[in-house]
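Encoded as structure tokens, the following chain is the form predicted alone, with no partner shown.
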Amino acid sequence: MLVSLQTIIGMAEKGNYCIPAFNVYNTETIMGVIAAAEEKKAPVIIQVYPRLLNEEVGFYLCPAVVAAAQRSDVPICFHLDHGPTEWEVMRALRWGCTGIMLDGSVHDFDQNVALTRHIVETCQAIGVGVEGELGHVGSVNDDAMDEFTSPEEAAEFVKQTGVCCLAVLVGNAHGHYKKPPKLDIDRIKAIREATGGTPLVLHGGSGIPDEQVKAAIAAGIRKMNIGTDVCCAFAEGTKATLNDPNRSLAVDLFMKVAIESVKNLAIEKITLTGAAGKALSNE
């Protein structure tokens, strides 16, 4: 059930829900997310940061994701998250990604369009959809947030690049929010309308209040990224085991709690985004 980005986003579009996209870092986080997806019968996206492709860990991690997705009984897309250049994109495709995010948001509009369009055209040759970003989604630690995504620019960006989904800046950021964010739901609706119904992506999904997530999905968000919460769930599960003086020294045994912790987190997000049960209904 390894599927393309456009296929899995199309499922969410048809059913008016959102695909949770989980960043993974090791075998245990893969296992936790897959277990949750299979238990809840949900389509999910498993994604990796480009630094993992630039380091040796990607050589080991990517085949594990592909194997897990191929064996799974629910639709899974393997996605590159925040690919900055063609180099990371090519390596991601070679190592099995079925979805690509080209993040050109650090460039000016014209450069972002040119780079994204080139990657879209390249990936079309092998049937892989591309996510773009307009409006740089920064970190919660940044002193200031960039200007929110303009609906008018978003419409032009989608028209010129042909992306299958678009990440937008609407009050979201990467990392743990110092205070609850306030998403601009009206802007999400305006971008959605201006782009002719293009599926939109919400980065920084860890820590956004549930009611805002639901409102964002109703407004047109079809993919939500979860990275920080995966890290925290894994760390808490590991810590709980390591603090037990009677724990086994066998790594595979004391990692079981960490896997379960990631699974529980993934189940929460699958339920929140409305993806639970959608692998069965294909809606």
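All residue numbers are counted from 1 along the displayed sequence. None of these values were measured; they are calculated from a predicted model.
What follows is about the form predicted together with a small molecule, which we do not show.
Colleague: Would T29 count as a contact of the small molecule in the predicted bound form, using a 4.5 angstroms cut-off between non-hydrogen atoms?
Modeller: No - in the predicted bound form, heavy atoms of T29 and the small molecule never come within 4.5 Å of each other.
Colleague: Counting only non-hydrogen atoms and a 4.5 angstroms cut-off, does S206 reach the small molecule in the predicted bound form?
Modeller: The answer is yes: S206 has a heavy atom within 4.5 Å of the small molecule.
Colleague: Tell me, yes or no, whether A173 is in contact with the small molecule in the predicted bound form, where a contact means a heavy atom of each within 4.5 Å.
Modeller: A173: yes, in contact with the small molecule in the predicted bound form.
Colleague: Would G227 count as a contact of the small molecule in the predicted bound form, using a 4.5 angstroms cut-off between non-hydrogen atoms?
Modeller: Close contact exists here: in the predicted bound form, G227 approaches the small molecule to within 4.5 Å, heavy atoms only.
Colleague: In the predicted bound form, which of the stretches 90-98, 153-161, 196-204, 109-117 has residues with heavy atoms within 4.5 Å of the small molecule?
Modeller: In short, 196-204.
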